[in-house]
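Here we start with a single chain on its own, the form predicted alone, put down as structure tokens.
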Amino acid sequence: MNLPNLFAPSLKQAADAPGLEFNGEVFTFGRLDEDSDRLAAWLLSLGVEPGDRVAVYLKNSPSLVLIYLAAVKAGLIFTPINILYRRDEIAHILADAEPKIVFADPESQDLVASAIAGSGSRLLLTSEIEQAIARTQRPATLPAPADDDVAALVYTSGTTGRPKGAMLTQANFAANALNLIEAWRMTADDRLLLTLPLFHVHGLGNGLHTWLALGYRLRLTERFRKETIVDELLDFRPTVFFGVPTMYERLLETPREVAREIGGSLRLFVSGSAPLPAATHRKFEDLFGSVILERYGMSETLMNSGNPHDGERRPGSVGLPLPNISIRICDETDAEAVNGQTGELQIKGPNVFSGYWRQDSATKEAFTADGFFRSGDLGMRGDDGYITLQGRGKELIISGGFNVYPREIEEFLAKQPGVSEAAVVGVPDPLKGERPLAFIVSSNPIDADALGAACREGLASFKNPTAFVQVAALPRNALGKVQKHLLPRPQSTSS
């Protein structure tokens, strides 16, 4: 199934129903449908063709939603860019994806313009969208995308430190939405408060798609704000909330009587994008009277497994495979491990992406001979089928729900004055789950303040090391590979 067909019952048959709230403004499904049709026609009139990329560097907003809808209706490839990325990070994605159009807010215009320089992409501002919609006639038809057409190019860092574009098809997104609707008992009567960023598949793949498939009411916020989240929950009275562990840690600060009031009307709290500490799971149940449903997904696969809606939601576990998804746990030879044995999670199903953009070798390496995707995540399966994650075979750090690959930070630090070598590891953090910690080899005493300032200027905030530790040398094995597990974990650090 393609996305226009999945969304049609909501956009066309429920045209008069209120669909989207944002900053007090309400959009009906019919308005979203017509405005996105007009926006799609405008983009096509600019010379954009099916299969071309349309990139966005945008905070959550109705404009972002309309751009996404226009793209999937016209067979364009939506390419979201993390709003925390800075110039070099943006420039890499633009050079790799080669989008015809890049949308930005006026406040980000200068940053994106500097990243676009020489790329051949055209910069458009969200301030132009309203006028473009008003002056463009609604088209009678739009190019019909095929189920296996790429709908979105989602960039996820690789072990080389340079982001790779995961090609997610129309059918991938549709299968994921239908799985979640079934598994989480979602209906048109639900109400979702969505504070997750739409540049991430958690907000985009789970939030927007289940909403548009069912036609329930959605309140979108620009971002999660700990200062206002409780007021939003009390005012909107959602029945469903999707969050990352950091958000649930913040919600533990809610007064008990208020938490119980929120928990009384909100039937489903879902957590993902990073491991949810078992202690947080239990504290939240005690405070809100609600048991969080933890699930497991990736940019390349969308959602893979989850604790059951009707059944035990086990702290520390990511539950059971979702419908139509196979998850096996294998050793280094790809032989299946027995229950209770640790191995790599390998995944197959209609949710799994079609490959990495323009990286055939990386795509080939990512799949087994019989078509399972190698997740790089380590876990074990119990005799009752529940899966528990036990770390990552790769060096991925997950900080506040964002993927961070040490190599990218290491390469950045190695370019800084006086730095001979750098190694980055993840260390526990009570709010973010993990934070990067950098070990620096330098012939002179390091200037932690200067290194921190350089990182803040050149890297997204979630990639900034929490501290810099100077060491005489990096520990290596006989083949010269850095053995990060031998690096000291200091009691105090320079930051």
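These figures come from a predicted structure and were not determined experimentally. When you see a residue number, it is the position in the sequence shown, counting from 1.
The same protein also has a form predicted in complex with a small molecule, omitted here; what follows describes it.
Comment: 198-206 is the region of 179-187, 105-113, 124-132, 198-206 lying near the small molecule in the predicted complex, near meaning a non-hydrogen atom within 4.5 Å. In the predicted complex, no heavy atom of residue 327 sits within 4.5 Å of the small molecule.
The shortest heavy atom separation between residue 263 and the small molecule in the predicted complex exceeds 4.5 Å.
Using a 4.5 angstroms threshold between heavy atoms, residue 38 stays clear of the small molecule in the predicted complex. Using a 4.5 Å cutoff between non-hydrogen atoms, residue 84 counts as a contact of the small molecule in the predicted complex. Residue 297 is the only one of 145, 297, 163, 215 with a heavy atom lying within 4.5 Å of the small molecule in the predicted complex. Between the options 220, 322, 244, 251, the residue in contact with the small molecule in the predicted complex by a heavy atom within 4.5 angstroms is 244.
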